[in-house]
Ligand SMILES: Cc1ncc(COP(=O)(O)O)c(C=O)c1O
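Just the one chain here, the form predicted on its own, laid out as structure tokens.
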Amino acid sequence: MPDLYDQLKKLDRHTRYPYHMPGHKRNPQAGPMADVMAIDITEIDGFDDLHDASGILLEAEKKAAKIYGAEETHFLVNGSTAGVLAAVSTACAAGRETAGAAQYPLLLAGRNSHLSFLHAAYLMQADVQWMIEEELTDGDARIPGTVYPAEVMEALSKASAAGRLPAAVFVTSPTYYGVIGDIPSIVEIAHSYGVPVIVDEAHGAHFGLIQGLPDSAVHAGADLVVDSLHKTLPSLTQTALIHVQGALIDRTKLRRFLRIYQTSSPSYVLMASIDSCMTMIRERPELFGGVLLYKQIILEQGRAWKHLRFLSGQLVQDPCKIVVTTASCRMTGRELYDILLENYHIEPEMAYGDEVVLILTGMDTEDGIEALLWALTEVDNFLEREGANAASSPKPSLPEMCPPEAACGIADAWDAPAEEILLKDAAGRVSAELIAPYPPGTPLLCPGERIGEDAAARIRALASAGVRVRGIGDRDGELTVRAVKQDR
């Protein structure tokens, strides 16, 4: 079966004139994006239907499943977000069916879950039991960790004793920082209770593709795995895959939720990008060897620095993630981010606290790697000349924050009457909004959780450091939050 892109390129307006959508009619005079429009079609004869695939799209999905070793794979054109929504909804629908319609489904999840997980829990009116990850340390640096199998075992044991097993265990691996969870052990534990495992592997679409890369959650036996192709592979933004295997997932329900959460007019440009990416993976595996080599070179050259430092490969196990820390000097992660962008025209993925996250892929170049190392070496030399620890004022730090207390359910709080209040007056109130720094998009406060002084202090510190925090507002220069009305 030829690639979807090749078939789209063969379309000719003169042999098949389009009296159908889309409105640009593949006309080369349709504006500055006419070249892209030339392969932008709807579900015409011979090009299948993503939501009822039986031809070229089904074959493309089978090709992707074979590459990843999955029993079944579906294209996602609404990003990994759609995959998470569909995966969680499928598990919750089955959980409600088992527990009875009167009982909300229960989800067991790591606190570092992406906000799309919270959106799914809200839509399915699920209760969430959080597993809190411990911070990992590397010298003075600290980054969020991942869920350990022992935490999953303890939570499932308690849930079983209480007679209410979760509809699914939801785990994020790798994390935004490149930390990898012990998925094989977590799967073994969850399956011993008959509970499916959903893995948000959005940042690990490259996992398991060649020897030397970390293994994938698919190979570990996870029931549903979401891979975001565009994050680390050569594919357009918004492209992703969802893999399903085993007997714990109702595949008919999964397909139903994929139809619900994805557009009924999926982009053939995006689907062609997914298929072309799969072909490249199959035909050019050496691309990933370049990632492994580049990371090795970067970590080795960083050992000569005196103030900046790369976090170790033992901690940041994902070869596509590089984390630079400024923990031992006066500079913050955001300051380093800004210097790299403004002075050296290098744009990192994220700055948070003392850490700067950078993403490597098989599409990086030697010139790009050399430019990064030169820039970071220059910054380190500057810190040495200026006295890295000499500062006129103390370096700002992110206040510690305890796990918030849940006062009510997510859906109950999100749908309750709410009011906007000043953050300085919010202590003790119940959050009516999901508050999350973005990136990485993991929650500081969920709807239904009580706002503590520590949470308010962390929100203020993040906003002051230039981190985008979703779910907060501004009133005449003062931060605001939405809280459930007191009479609730």
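Quantities reported herein were computed from a predicted structural model and do not represent experimental measurements. All residue numbers are counted from 1 along the displayed sequence.
There is another form of the same protein, the form predicted in complex with this ligand; it is not shown, and what comes next is about it.
None of 292-300, 305-313, 209-217, 230-238 except one has non-hydrogen atoms within 4.5 angstroms of this ligand in the predicted complex; the exception is 230-238. Mapping the unseen interface onto this chain, His74 falls outside it, with no heavy atom inside 4.5 Å of this ligand in the predicted complex.
In the predicted complex, Asn78 approaches this ligand with a heavy atom inside 4.5 Å. Using a 4.5 angstroms limit between non-hydrogen atoms, Tyr438 touches this ligand in the predicted complex.
Contact between Ser116 and this ligand in the predicted complex is found at the 4.5 Å heavy atom cutoff. Ala202 is the sole member of Met278, Ala202, Ala413, Leu224 with a non-hydrogen atom lying within 4.5 angstroms of this ligand in the predicted complex. Of the residues Tyr352, Phe257, Phe288, Tyr176, just one reaches this ligand in the predicted complex with a heavy atom at 4.5 Å or closer; this is Tyr176. Heavy atoms closer than or equal to 4.5 Å to this ligand in the predicted complex belong, across 460-474, to no residue whatsoever.
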